[in-house]
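Given next are two forms of a protein chain, the same chain in both, each as structure tokens and marked structure 1 or structure 2.
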Structure 1
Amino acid sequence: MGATYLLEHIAGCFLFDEHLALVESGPPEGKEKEAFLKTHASAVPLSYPAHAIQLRRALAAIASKIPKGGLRAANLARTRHDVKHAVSDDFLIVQAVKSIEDLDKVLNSLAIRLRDWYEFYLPEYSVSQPDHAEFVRGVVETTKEQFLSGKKTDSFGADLGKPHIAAMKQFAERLLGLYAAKQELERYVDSTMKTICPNLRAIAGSTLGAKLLEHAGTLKRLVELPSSTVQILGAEKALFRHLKTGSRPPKYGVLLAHDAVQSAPKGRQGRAARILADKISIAVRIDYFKGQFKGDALLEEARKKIAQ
């Protein structure tokens, strides 16, 4: 036989002579494959880049020999398997965070819509309650009479019939359901963050930490980013503008929402974001490599350094 080279391929095991002509092929997997490999243990497995030249010729040699149907079926099965197993918790967190952000947007516009509507009936209440969620709750739970009791003047809102009031209330109840859905998602994100990135959660908080994950895409990519990029994650537009037009570079992205950055004096917030980003980079590395919990200590170090 005298086979010289071996290519372990998804469609089978292929043996080549020293001129890279195909001499024999064996099964792609299972016990039969192992037996086949044992019989031909002396053949050199082709690898890249060591055997680039040989590998190229081997692949050309088998191009017409591999049946397309088998090649496709094997790859299809393998890719289905790979896609199935590519799902990790960080993908799920990112979707949950995006759902929270979408809910925020939707709730904001629906609450404003309800205000416009309800103000025909009781404008004084809408004005007295600036918080959207509380306003919506009030529409469900308080009547006009309850709101006006003890007030010196009557409302200048119209006196509407029952069906009109009921429609507004029912709509408001749906909104309360959405507020509840948002809270449930936040609890889910928090507990998942606690399991997969406790250090990031401790230093950035679970919402902010999850947003960093969202902008990086995955925990792995967040780990690979230099901390100077972590510092400005979420400010990609401003960064692009800076590179294109020479406008001032952004100093922070989503990290601006962190209280350690918020509480820094105005001119020093960029510095605070940089210090925080340094520590966050350490934290995500610990999370990714499953090291000892150090998140609280990292946050403390960041705060001290920012205060200096």
Structure 2
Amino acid sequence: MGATYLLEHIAGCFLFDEHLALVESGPPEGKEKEAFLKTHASAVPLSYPAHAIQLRRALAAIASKIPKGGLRAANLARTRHDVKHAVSDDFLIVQAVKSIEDLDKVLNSLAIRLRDWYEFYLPEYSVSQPDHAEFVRGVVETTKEQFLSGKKTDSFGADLGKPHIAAMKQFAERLLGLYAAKQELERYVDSTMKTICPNLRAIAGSTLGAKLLEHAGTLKRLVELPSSTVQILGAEKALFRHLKTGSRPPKYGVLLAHDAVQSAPKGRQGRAARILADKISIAVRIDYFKGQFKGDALLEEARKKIAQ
């Protein structure tokens, strides 16, 4: 008996004899497909370009077996399945970190607006509290009298009526809700990073690691990037400016926020970012291929090398 050939097609699985005559067919997916393939495991799988001629003959043989409109329906079903199962945790992390960045921008703008508004009433408090989140919390929790009694001074602010003060406090309460939402997102990013990228999280931290994923797009794409590209992720504008105008190339991108880079002398921060990017490239490969946890050891190696 001659060789048999197997064709996996979107419309189903098809078995052919040595003359490329259709012998048997199976379903396109599911456990029944797995059983069909297992039964005919000895058949030669048809693939392009190794079996270009046989494939043309095989496709011609099954053309009449596919019902009218069946190929379109099969393509739609496969596309629906692929889109549904294409969503992975790294996609969700990217969206979450983008949401955090959007919240940061909104909160900064609204906190500044609240400061401008509240300074008509109590300018001394705004000056004494530079942190936006603590300032907003103080607007809600501290009265003018409490603040002034602690400072033992008078205020240059106007004596506003209760409706005006209540409006400012209500606005501040809404901002506190946004700060709480940001913290919840940060906890979600941290827990998800700990699950899918423990080594990257150990080296870069959850927020910085998530930003690297954001700039790369996916964990797979981050794995494929060379460490020299990882080093300057987030500095794309500076890189394009260098390529276009010949200006100095960027030495780091979002990695500048890492404490190991921040603590390095100004002239050696580029070197620190390069060393850190090398270790991050190793870490993401371990995470992607589900290797053992080595994040802490990799971070220690990076710190020792940066300190030399």
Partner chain sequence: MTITPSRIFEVHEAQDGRKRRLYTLNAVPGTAVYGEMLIPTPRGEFREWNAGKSKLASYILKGAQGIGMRKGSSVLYLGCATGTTVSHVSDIIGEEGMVFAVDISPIVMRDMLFLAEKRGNIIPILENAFHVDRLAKRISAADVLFQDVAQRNQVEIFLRNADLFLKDRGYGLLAVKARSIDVAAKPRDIFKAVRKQLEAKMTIIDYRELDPFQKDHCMFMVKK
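Predicted, not measured: the structure shown is a model, and the values here were computed from it. Residue 1 is the first residue of structure 1, and the numbers go on in sequence order from there. Here, rigid core means the biggest group of C-alpha atoms that superpose within 1.5 Å across both forms.
- The form predicted together with the partner chain corresponds to structure 1; structure 2 is the other form.
- For Lys162, the Cα coordinates differ by under 2 angstroms between structure 1 and structure 2 after the core has been superposed.
- Residue displacement note: Pro45 has its CA displaced by at least 2 Å between structure 1 and structure 2 (rigid core superposed).
- When the rigid core is held fixed, the Cα atom of Gly150 travels 2 angstroms or more between structure 1 and structure 2.
- Core superposition gives Ile10 a CA displacement of 2.7 Å between structure 1 and structure 2.
- In this core superposition, Leu55 moves its Cα by 5.8 Å between structure 1 and structure 2.
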